[in-house]
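We begin with a single chain expressed as structure tokens, specifically the form predicted on its own.
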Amino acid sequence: MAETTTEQRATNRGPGRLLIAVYIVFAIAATSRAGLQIATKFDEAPVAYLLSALAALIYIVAAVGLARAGHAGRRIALACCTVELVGVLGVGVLSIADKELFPDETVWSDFGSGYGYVPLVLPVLGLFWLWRTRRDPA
């Protein structure tokens, strides 16, 4: 039995499930890291730790958006992936250009080098997946 167009285009099917799983893993990792840093040494690098918390929030919301798979979910995921890409590029450039801006690393520092550059690749994959699963303009 052939899948319907909606099922073929859902963001939570096929490779989309792996993408959602990676977002969930990064949400857990970034939330744990930010939570610990904020609770134990917030005064040392508040901007860096708040950026890690923001990254965690974006990962959580992006995962939910991709998992919902409807029109609203796609819009949420698109916004999150876009903000995430701008964030990792901006923080990446700033963290290399001026090390004093971020006395401690964030999830996005040095383009996510502390996480194997996955934070740099993840929003690109998310945006590609959203583009790949879009409806054909008719």
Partner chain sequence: MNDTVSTTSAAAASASPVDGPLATVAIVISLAVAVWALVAAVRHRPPDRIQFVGLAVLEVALLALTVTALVALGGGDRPGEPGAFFGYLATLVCLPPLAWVLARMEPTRWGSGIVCAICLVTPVVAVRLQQTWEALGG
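Positions refer to the first chain, counted from 1. Treat the numbers as computed from the prediction; the structure is a model and nothing was measured.
There is also a form predicted in complex with its partner chain; it is not shown, and the following applies to it.
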> How about Ser32: is it within 4.5 Å of its partner chain in the model of the complex, going by heavy atoms?
Replying inline: yes
> Is there any non-hydrogen atom of Val47 lying within 4.5 Å of its partner chain in the model of the complex?
Replying inline: no
> Taking the shortest heavy atom distance, is Ile28 within 4.5 Å of its partner chain in the model of the complex?
Replying inline: yes
>> Please tell me whether any heavy atom belonging to Ile76 falls inside 4.5 Å of a heavy atom of its partner chain, as the geometry stands in the model of the complex.
In response: no
> Of these, 85-93, 33-41, 68-76, 54-62, which stretch puts a heavy atom within 4.5 angstroms of its partner chain in the model of the complex?
Replying inline: 33-41
>> Going through 13-36, which residues have a heavy atom within 4.5 Å of its partner chain in the model of the complex? Please give them in sequence order.
In response: Arg13, Gly14, Pro15, Arg17, Leu18, Ala21, Ile24, Val25, Ile28, Ala29, Ser32, Arg33, Leu36
